[in-house]
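Read the single chain below, which is given as C-alpha coordinates and is the form predicted on its own.
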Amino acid sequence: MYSLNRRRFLLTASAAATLPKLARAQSSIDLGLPGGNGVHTLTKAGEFGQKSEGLILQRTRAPLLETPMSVFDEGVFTPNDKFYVRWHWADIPDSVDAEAFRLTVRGHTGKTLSLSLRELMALPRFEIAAVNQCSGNSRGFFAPRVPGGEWGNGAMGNARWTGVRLKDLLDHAGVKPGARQVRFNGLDQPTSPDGPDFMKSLTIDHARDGEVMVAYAMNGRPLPLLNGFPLRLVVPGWYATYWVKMLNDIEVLDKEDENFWMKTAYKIPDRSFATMRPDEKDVPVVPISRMLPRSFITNIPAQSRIAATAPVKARGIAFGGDSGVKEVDFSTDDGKSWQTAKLGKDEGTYGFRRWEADFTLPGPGAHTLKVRCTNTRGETQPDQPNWNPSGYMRSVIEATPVEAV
(Lines give C-alpha, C1' and ligand atoms only; values in the text may rest on other atoms or scores of the structure.)
Protein backbone atom coordinates (compact mmCIF):
# COMPACT_ATOMS: atom_id res chain seq x y z
CA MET A 1 0.00 0.00 0.00
CA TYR A 2 1.36 3.41 -0.98
CA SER A 3 1.15 6.31 1.46
CA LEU A 4 0.89 9.92 0.36
CA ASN A 5 1.15 12.73 2.88
CA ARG A 6 -0.90 15.74 1.78
CA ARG A 7 1.43 18.35 3.26
CA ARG A 8 4.53 16.69 1.78
CA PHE A 9 2.74 16.43 -1.56
CA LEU A 10 2.00 20.15 -1.65
CA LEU A 11 5.52 21.10 -0.61
CA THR A 12 7.42 18.84 -3.00
CA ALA A 13 5.06 19.25 -5.92
CA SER A 14 5.48 23.02 -6.16
CA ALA A 15 9.03 22.69 -7.50
CA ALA A 16 9.53 24.04 -11.01
CA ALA A 17 10.72 21.89 -13.89
CA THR A 18 12.05 23.86 -16.81
CA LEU A 19 11.70 22.70 -20.38
CA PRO A 20 15.18 22.90 -21.93
CA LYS A 21 16.73 23.56 -25.26
CA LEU A 22 17.98 20.52 -27.15
CA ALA A 23 21.03 19.18 -25.35
CA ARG A 24 24.06 17.67 -27.01
CA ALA A 25 23.75 14.22 -25.52
CA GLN A 26 26.49 11.83 -26.56
CA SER A 27 24.69 8.54 -25.91
CA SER A 28 22.23 7.20 -28.44
CA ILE A 29 20.04 4.22 -29.22
CA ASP A 30 18.99 2.57 -32.48
CA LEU A 31 15.30 1.69 -32.49
CA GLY A 32 15.71 -0.50 -35.58
CA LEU A 33 12.91 1.18 -37.52
CA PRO A 34 12.26 -0.39 -40.93
CA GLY A 35 12.36 2.96 -42.73
CA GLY A 36 15.70 3.95 -41.22
CA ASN A 37 16.44 7.09 -39.20
CA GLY A 38 15.97 5.11 -36.01
CA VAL A 39 18.98 6.45 -34.12
CA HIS A 40 18.03 8.84 -31.31
CA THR A 41 19.98 10.56 -28.56
CA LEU A 42 19.30 9.73 -24.92
CA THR A 43 18.53 12.39 -22.34
CA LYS A 44 21.12 13.35 -19.74
CA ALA A 45 20.48 13.52 -15.99
CA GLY A 46 18.32 16.52 -15.07
CA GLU A 47 17.88 17.55 -18.68
CA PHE A 48 14.09 17.45 -18.40
CA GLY A 49 13.57 18.41 -14.78
CA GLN A 50 12.32 15.41 -12.81
CA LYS A 51 13.10 13.07 -15.68
CA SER A 52 16.33 11.17 -15.30
CA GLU A 53 18.90 10.25 -17.90
CA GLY A 54 18.42 7.58 -20.51
CA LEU A 55 15.04 8.44 -22.04
CA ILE A 56 14.87 8.37 -25.83
CA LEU A 57 14.60 11.90 -27.19
CA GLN A 58 12.03 12.02 -29.97
CA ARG A 59 11.35 15.77 -29.80
CA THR A 60 12.21 18.61 -27.44
CA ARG A 61 9.25 20.99 -27.85
CA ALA A 62 6.57 19.92 -27.38
CA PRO A 63 8.34 17.16 -25.42
CA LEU A 64 8.26 13.61 -26.77
CA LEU A 65 10.37 11.28 -24.61
CA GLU A 66 10.30 7.51 -25.03
CA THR A 67 10.96 4.80 -22.45
CA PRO A 68 13.66 2.28 -23.45
CA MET A 69 12.50 -1.36 -23.51
CA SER A 70 15.14 -2.24 -20.90
CA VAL A 71 13.20 -0.21 -18.31
CA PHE A 72 10.19 -2.50 -18.71
CA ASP A 73 12.39 -5.46 -17.73
CA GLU A 74 12.93 -3.96 -14.28
CA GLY A 75 9.35 -4.45 -13.09
CA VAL A 76 5.69 -4.11 -14.03
CA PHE A 77 5.45 -0.53 -12.73
CA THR A 78 7.33 2.03 -14.81
CA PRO A 79 9.40 4.43 -12.67
CA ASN A 80 8.10 7.99 -12.73
CA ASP A 81 11.42 9.40 -13.89
CA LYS A 82 11.52 6.94 -16.82
CA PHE A 83 7.85 7.26 -17.82
CA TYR A 84 7.34 8.35 -21.42
CA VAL A 85 6.18 11.91 -22.21
CA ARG A 86 3.93 13.16 -25.00
CA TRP A 87 2.49 16.69 -25.39
CA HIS A 88 0.63 18.24 -28.33
CA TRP A 89 1.49 21.91 -27.75
CA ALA A 90 4.79 23.42 -26.58
CA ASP A 91 3.17 26.13 -24.44
CA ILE A 92 3.34 24.18 -21.18
CA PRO A 93 3.72 25.86 -17.75
CA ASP A 94 7.25 25.55 -16.39
CA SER A 95 5.82 25.24 -12.89
CA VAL A 96 2.46 25.09 -11.13
CA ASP A 97 1.72 26.62 -7.71
CA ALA A 98 0.13 23.75 -5.82
CA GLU A 99 -1.41 26.05 -3.19
CA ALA A 100 -3.06 28.38 -5.70
CA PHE A 101 -4.22 25.69 -8.15
CA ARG A 102 -7.94 25.00 -8.55
CA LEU A 103 -9.88 22.33 -10.41
CA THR A 104 -13.20 23.57 -11.82
CA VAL A 105 -16.20 21.32 -12.43
CA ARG A 106 -18.95 23.18 -14.27
CA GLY A 107 -21.42 23.18 -17.15
CA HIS A 108 -24.65 21.18 -17.16
CA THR A 109 -24.47 20.75 -13.39
CA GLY A 110 -26.42 21.84 -10.35
CA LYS A 111 -23.46 23.86 -9.07
CA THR A 112 -19.95 24.86 -10.06
CA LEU A 113 -17.08 23.43 -8.05
CA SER A 114 -13.69 25.08 -7.54
CA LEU A 115 -11.52 22.62 -5.63
CA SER A 116 -8.04 23.12 -4.22
CA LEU A 117 -5.64 20.20 -4.13
CA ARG A 118 -6.16 19.96 -0.36
CA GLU A 119 -9.91 19.71 -0.85
CA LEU A 120 -9.52 17.18 -3.62
CA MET A 121 -7.20 15.02 -1.54
CA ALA A 122 -9.70 15.06 1.33
CA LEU A 123 -12.24 13.21 -0.85
CA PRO A 124 -12.46 9.39 -0.84
CA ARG A 125 -9.26 7.98 -2.33
CA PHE A 126 -9.22 5.65 -5.31
CA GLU A 127 -6.29 3.65 -6.74
CA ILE A 128 -5.93 1.63 -9.90
CA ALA A 129 -3.03 0.13 -11.89
CA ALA A 130 -3.32 1.02 -15.56
CA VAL A 131 -1.22 1.26 -18.71
CA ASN A 132 -0.96 4.68 -20.32
CA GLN A 133 -0.12 4.17 -24.02
CA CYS A 134 0.14 6.75 -26.78
CA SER A 135 -2.22 6.10 -29.70
CA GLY A 136 0.82 6.21 -31.98
CA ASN A 137 3.07 3.93 -29.94
CA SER A 138 5.27 1.92 -32.38
CA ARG A 139 4.38 4.22 -35.29
CA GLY A 140 7.98 3.99 -36.50
CA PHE A 141 7.34 0.36 -37.50
CA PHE A 142 4.47 1.16 -39.86
CA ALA A 143 5.22 0.29 -43.49
CA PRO A 144 4.65 2.25 -45.62
CA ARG A 145 5.82 4.94 -43.20
CA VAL A 146 3.29 7.52 -42.02
CA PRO A 147 3.70 11.07 -40.65
CA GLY A 148 4.03 11.76 -36.93
CA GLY A 149 6.40 10.94 -34.11
CA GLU A 150 8.43 7.89 -35.13
CA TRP A 151 8.05 6.08 -31.83
CA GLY A 152 9.59 2.71 -31.14
CA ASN A 153 7.68 0.51 -28.70
CA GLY A 154 8.29 2.67 -25.63
CA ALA A 155 5.51 5.28 -25.81
CA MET A 156 3.78 3.53 -22.94
CA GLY A 157 4.09 2.98 -19.22
CA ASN A 158 2.28 1.32 -16.35
CA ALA A 159 1.65 3.01 -12.99
CA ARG A 160 -0.46 2.74 -9.89
CA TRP A 161 -2.57 5.89 -10.04
CA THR A 162 -3.95 7.54 -6.91
CA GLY A 163 -6.70 10.13 -6.85
CA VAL A 164 -10.48 10.41 -6.81
CA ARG A 165 -13.19 8.85 -8.94
CA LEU A 166 -14.54 11.20 -11.57
CA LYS A 167 -17.98 9.88 -10.67
CA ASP A 168 -17.62 11.30 -7.15
CA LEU A 169 -16.73 14.75 -8.50
CA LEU A 170 -19.65 14.73 -10.92
CA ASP A 171 -22.04 13.58 -8.21
CA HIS A 172 -20.78 16.36 -5.95
CA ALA A 173 -21.47 18.93 -8.69
CA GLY A 174 -24.86 17.42 -9.44
CA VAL A 175 -25.17 16.37 -13.09
CA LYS A 176 -28.44 17.61 -14.60
CA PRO A 177 -30.75 15.40 -16.69
CA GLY A 178 -29.88 15.52 -20.39
CA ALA A 179 -26.09 15.49 -19.89
CA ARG A 180 -24.38 13.71 -22.79
CA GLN A 181 -20.64 14.18 -22.53
CA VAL A 182 -17.95 15.42 -20.16
CA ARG A 183 -15.12 17.53 -21.60
CA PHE A 184 -11.64 17.88 -20.09
CA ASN A 185 -9.11 20.70 -20.51
CA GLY A 186 -5.64 21.35 -19.11
CA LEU A 187 -3.18 24.18 -18.55
CA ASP A 188 -1.26 23.70 -21.80
CA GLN A 189 -2.07 26.19 -24.54
CA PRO A 190 -1.80 26.32 -28.36
CA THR A 191 1.32 28.01 -29.66
CA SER A 192 -0.59 30.03 -32.28
CA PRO A 193 -3.84 32.03 -32.09
CA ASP A 194 -5.63 29.72 -34.51
CA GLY A 195 -4.41 26.51 -32.86
CA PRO A 196 -7.21 24.38 -31.33
CA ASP A 197 -7.05 24.08 -27.56
CA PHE A 198 -6.40 20.44 -26.65
CA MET A 199 -9.60 19.07 -25.11
CA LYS A 200 -11.07 15.57 -24.99
CA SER A 201 -14.48 14.20 -24.03
CA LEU A 202 -16.09 11.02 -22.74
CA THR A 203 -19.73 10.02 -22.78
CA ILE A 204 -21.51 10.70 -19.51
CA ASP A 205 -21.91 6.98 -18.83
CA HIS A 206 -18.21 6.29 -19.37
CA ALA A 207 -17.23 9.26 -17.21
CA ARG A 208 -19.39 7.89 -14.38
CA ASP A 209 -18.32 4.23 -14.64
CA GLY A 210 -16.40 4.30 -11.33
CA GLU A 211 -12.98 3.60 -12.89
CA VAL A 212 -12.26 6.84 -14.76
CA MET A 213 -10.45 9.02 -12.25
CA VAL A 214 -8.64 12.27 -11.59
CA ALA A 215 -5.13 11.33 -10.41
CA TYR A 216 -2.82 13.42 -8.26
CA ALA A 217 -0.15 10.75 -7.81
CA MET A 218 1.52 7.92 -9.70
CA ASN A 219 3.42 5.12 -8.01
CA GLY A 220 2.92 6.78 -4.63
CA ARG A 221 4.44 10.16 -5.54
CA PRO A 222 3.14 13.41 -7.05
CA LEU A 223 2.85 13.39 -10.81
CA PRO A 224 6.00 14.66 -12.53
CA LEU A 225 5.37 18.01 -14.20
CA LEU A 226 5.83 16.51 -17.67
CA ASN A 227 3.36 13.74 -16.86
CA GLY A 228 0.65 16.21 -15.93
CA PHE A 229 1.20 17.71 -12.47
CA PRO A 230 -0.85 18.53 -10.52
CA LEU A 231 -3.74 16.44 -11.93
CA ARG A 232 -4.39 14.22 -14.91
CA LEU A 233 -7.35 12.27 -16.12
CA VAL A 234 -6.91 8.48 -16.05
CA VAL A 235 -9.09 6.47 -18.43
CA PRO A 236 -8.21 2.80 -17.82
CA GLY A 237 -8.10 0.67 -20.95
CA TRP A 238 -8.27 3.62 -23.37
CA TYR A 239 -5.46 5.28 -25.33
CA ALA A 240 -3.60 8.17 -23.73
CA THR A 241 -5.13 10.87 -25.93
CA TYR A 242 -8.00 10.90 -23.41
CA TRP A 243 -5.69 11.11 -20.38
CA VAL A 244 -5.63 14.93 -20.25
CA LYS A 245 -2.60 16.31 -18.38
CA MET A 246 -2.45 19.34 -16.06
CA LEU A 247 -6.21 18.95 -15.81
CA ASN A 248 -7.88 22.09 -14.47
CA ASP A 249 -11.32 22.18 -16.09
CA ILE A 250 -14.12 19.60 -16.29
CA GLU A 251 -17.22 20.65 -18.21
CA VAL A 252 -20.45 18.65 -18.42
CA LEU A 253 -22.07 19.08 -21.85
CA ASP A 254 -25.69 18.62 -22.90
CA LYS A 255 -24.63 17.95 -26.52
CA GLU A 256 -21.94 16.16 -28.50
CA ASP A 257 -18.48 17.75 -28.28
CA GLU A 258 -17.59 19.24 -31.67
CA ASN A 259 -14.10 20.49 -30.83
CA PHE A 260 -11.27 19.65 -33.28
CA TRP A 261 -9.66 16.97 -31.09
CA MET A 262 -12.94 15.02 -30.95
CA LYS A 263 -14.59 15.73 -34.31
CA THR A 264 -11.54 15.63 -36.59
CA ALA A 265 -8.39 14.33 -34.87
CA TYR A 266 -7.64 10.84 -33.58
CA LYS A 267 -9.85 8.96 -36.02
CA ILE A 268 -9.25 5.35 -37.06
CA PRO A 269 -10.69 3.07 -39.75
CA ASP A 270 -13.94 1.56 -38.54
CA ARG A 271 -12.57 -1.95 -38.92
CA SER A 272 -11.09 -4.70 -36.82
CA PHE A 273 -7.63 -3.64 -35.55
CA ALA A 274 -8.13 -0.25 -37.26
CA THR A 275 -6.57 -1.46 -40.49
CA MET A 276 -6.84 -0.52 -44.15
CA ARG A 277 -4.74 -0.71 -47.32
CA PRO A 278 -2.56 2.29 -48.13
CA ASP A 279 -4.29 2.69 -51.49
CA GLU A 280 -7.84 2.75 -50.09
CA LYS A 281 -9.89 5.95 -50.07
CA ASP A 282 -12.97 7.13 -48.18
CA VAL A 283 -12.77 4.45 -45.51
CA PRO A 284 -15.33 5.11 -42.73
CA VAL A 285 -13.66 6.31 -39.52
CA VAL A 286 -14.54 6.48 -35.84
CA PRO A 287 -12.80 8.07 -32.83
CA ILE A 288 -9.99 6.01 -31.35
CA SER A 289 -10.93 4.55 -27.99
CA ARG A 290 -10.04 1.23 -26.35
CA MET A 291 -6.60 -0.37 -26.43
CA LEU A 292 -5.77 -3.77 -27.87
CA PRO A 293 -3.64 -6.59 -26.37
CA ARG A 294 0.14 -6.35 -26.66
CA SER A 295 3.18 -8.23 -25.39
CA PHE A 296 6.95 -7.81 -25.52
CA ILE A 297 10.17 -9.66 -24.73
CA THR A 298 12.10 -7.36 -22.39
CA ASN A 299 15.31 -9.25 -21.49
CA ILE A 300 16.51 -10.35 -24.95
CA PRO A 301 17.14 -7.51 -27.43
CA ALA A 302 16.96 -8.09 -31.17
CA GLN A 303 20.15 -9.50 -32.71
CA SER A 304 21.28 -11.01 -29.39
CA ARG A 305 23.72 -13.93 -29.50
CA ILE A 306 22.45 -16.86 -27.43
CA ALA A 307 24.22 -20.07 -26.55
CA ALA A 308 22.83 -22.98 -28.58
CA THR A 309 21.51 -26.09 -26.76
CA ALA A 310 21.73 -24.26 -23.39
CA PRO A 311 18.68 -23.46 -21.21
CA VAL A 312 17.57 -19.82 -21.49
CA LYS A 313 14.81 -17.86 -19.73
CA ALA A 314 12.79 -15.31 -21.67
CA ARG A 315 10.70 -12.78 -19.84
CA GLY A 316 8.62 -9.78 -20.66
CA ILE A 317 5.41 -7.85 -20.18
CA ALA A 318 1.92 -8.16 -21.59
CA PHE A 319 -1.32 -6.25 -21.23
CA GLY A 320 -4.82 -6.96 -22.47
CA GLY A 321 -5.79 -3.47 -23.61
CA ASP A 322 -9.18 -2.72 -22.12
CA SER A 323 -9.38 -6.10 -20.39
CA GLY A 324 -7.14 -8.45 -18.46
CA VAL A 325 -4.46 -10.86 -19.65
CA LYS A 326 -5.84 -14.36 -20.11
CA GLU A 327 -2.79 -16.09 -21.61
CA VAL A 328 0.66 -15.39 -23.03
CA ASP A 329 2.33 -17.73 -25.52
CA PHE A 330 5.99 -17.86 -26.52
CA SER A 331 7.61 -19.21 -29.69
CA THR A 332 11.23 -19.89 -30.65
CA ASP A 333 10.56 -20.86 -34.29
CA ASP A 334 8.92 -17.75 -35.77
CA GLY A 335 5.44 -18.75 -34.65
CA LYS A 336 5.35 -22.26 -36.07
CA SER A 337 4.81 -23.68 -32.57
CA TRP A 338 3.94 -22.10 -29.23
CA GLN A 339 4.35 -22.83 -25.54
CA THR A 340 2.29 -21.31 -22.75
CA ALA A 341 4.26 -18.83 -20.68
CA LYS A 342 4.08 -18.56 -16.90
CA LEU A 343 2.25 -15.45 -15.75
CA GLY A 344 3.37 -13.31 -12.83
CA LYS A 345 1.27 -11.53 -10.23
CA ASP A 346 -1.94 -9.94 -11.46
CA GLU A 347 -1.73 -6.28 -10.40
CA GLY A 348 -5.10 -5.41 -11.95
CA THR A 349 -7.13 -5.67 -15.13
CA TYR A 350 -5.52 -2.73 -16.92
CA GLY A 351 -1.85 -3.06 -15.96
CA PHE A 352 1.23 -4.86 -17.23
CA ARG A 353 1.51 -8.57 -16.42
CA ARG A 354 4.92 -10.23 -16.15
CA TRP A 355 5.47 -13.46 -18.08
CA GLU A 356 8.36 -15.97 -18.26
CA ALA A 357 9.23 -18.92 -20.48
CA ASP A 358 12.16 -21.37 -20.44
CA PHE A 359 13.54 -22.49 -23.78
CA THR A 360 16.52 -24.07 -25.51
CA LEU A 361 17.49 -23.28 -29.08
CA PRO A 362 18.21 -26.53 -30.97
CA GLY A 363 21.42 -25.49 -32.68
CA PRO A 364 23.53 -22.66 -34.13
CA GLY A 365 22.02 -20.25 -36.62
CA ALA A 366 19.30 -17.64 -36.95
CA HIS A 367 16.11 -17.97 -34.91
CA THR A 368 13.09 -15.73 -34.37
CA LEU A 369 11.47 -15.40 -30.97
CA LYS A 370 7.86 -14.29 -30.70
CA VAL A 371 5.36 -13.59 -27.92
CA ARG A 372 1.61 -13.09 -28.14
CA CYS A 373 -1.09 -12.11 -25.68
CA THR A 374 -4.72 -13.18 -25.50
CA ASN A 375 -6.94 -11.02 -23.34
CA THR A 376 -9.99 -11.94 -21.28
CA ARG A 377 -12.23 -10.77 -24.13
CA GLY A 378 -10.74 -13.59 -26.22
CA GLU A 379 -8.83 -11.19 -28.50
CA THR A 380 -5.38 -12.39 -29.61
CA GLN A 381 -2.64 -10.33 -31.19
CA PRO A 382 -2.68 -10.78 -34.98
CA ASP A 383 0.10 -12.30 -37.11
CA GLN A 384 0.08 -9.38 -39.55
CA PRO A 385 0.52 -5.70 -38.66
CA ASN A 386 -2.29 -3.25 -39.20
CA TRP A 387 -1.89 -0.07 -41.23
CA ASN A 388 -3.67 3.27 -41.19
CA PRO A 389 -2.51 6.75 -42.24
CA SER A 390 -2.15 7.98 -38.66
CA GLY A 391 -0.02 5.09 -37.42
CA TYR A 392 -2.38 4.19 -34.61
CA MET A 393 -3.09 1.03 -32.61
CA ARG A 394 -0.26 -1.32 -33.54
CA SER A 395 -0.78 -4.64 -31.75
CA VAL A 396 0.88 -7.24 -34.02
CA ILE A 397 2.86 -10.18 -32.61
CA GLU A 398 6.37 -8.76 -32.23
CA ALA A 399 9.35 -10.70 -33.61
CA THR A 400 12.82 -10.74 -32.03
CA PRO A 401 15.55 -12.14 -34.31
CA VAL A 402 18.47 -13.78 -32.46
CA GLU A 403 21.50 -15.86 -33.34
CA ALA A 404 22.37 -19.12 -31.58
CA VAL A 405 26.12 -19.72 -31.27
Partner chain sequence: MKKLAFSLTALLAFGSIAALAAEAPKSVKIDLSNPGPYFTGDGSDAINANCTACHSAEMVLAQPALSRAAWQAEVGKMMKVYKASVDEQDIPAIVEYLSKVRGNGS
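Residue numbers count along the first chain shown, from 1. None of these values were measured; they are calculated from a predicted model.
Just so you know, the form predicted together with its partner chain exists too; it's not on screen, but the next bit is about it.
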item	value
In the predicted bound form, the one of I204, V76, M121, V285 near its partner chain [non-hydrogen atom within 4.5 angstroms]	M121
Contact residue in the predicted bound form, chosen from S95, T104, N299, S304 - any heavy atom within 4.5 Å of its partner chain	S95
Triple contact flag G54, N158 and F330 to its partner chain in the predicted bound form, non-hydrogen atom at 4.5 angstroms	no
Contact stretch among 217-225, 180-188, 249-257, 269-277 - heavy atom within 4.5 Å of its partner chain in the predicted bound form	217-225
Proximity of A143 to its partner chain in the predicted bound form, heavy atoms at 4.5 Å	no
Contact test in the predicted bound form: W89 vs its partner chain, heavy atoms, 4.5 Å	yes
Its partner chain contact at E127 in the predicted bound form, heavy atom, 4.5 Å	no
Its partner chain contact at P311 in the predicted bound form, heavy atom, 4.5 Å	no
Contacts with its partner chain in the predicted bound form, stretch 101-117 (heavy atom within 4.5 Å)	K111, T112, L113, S114, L115, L117
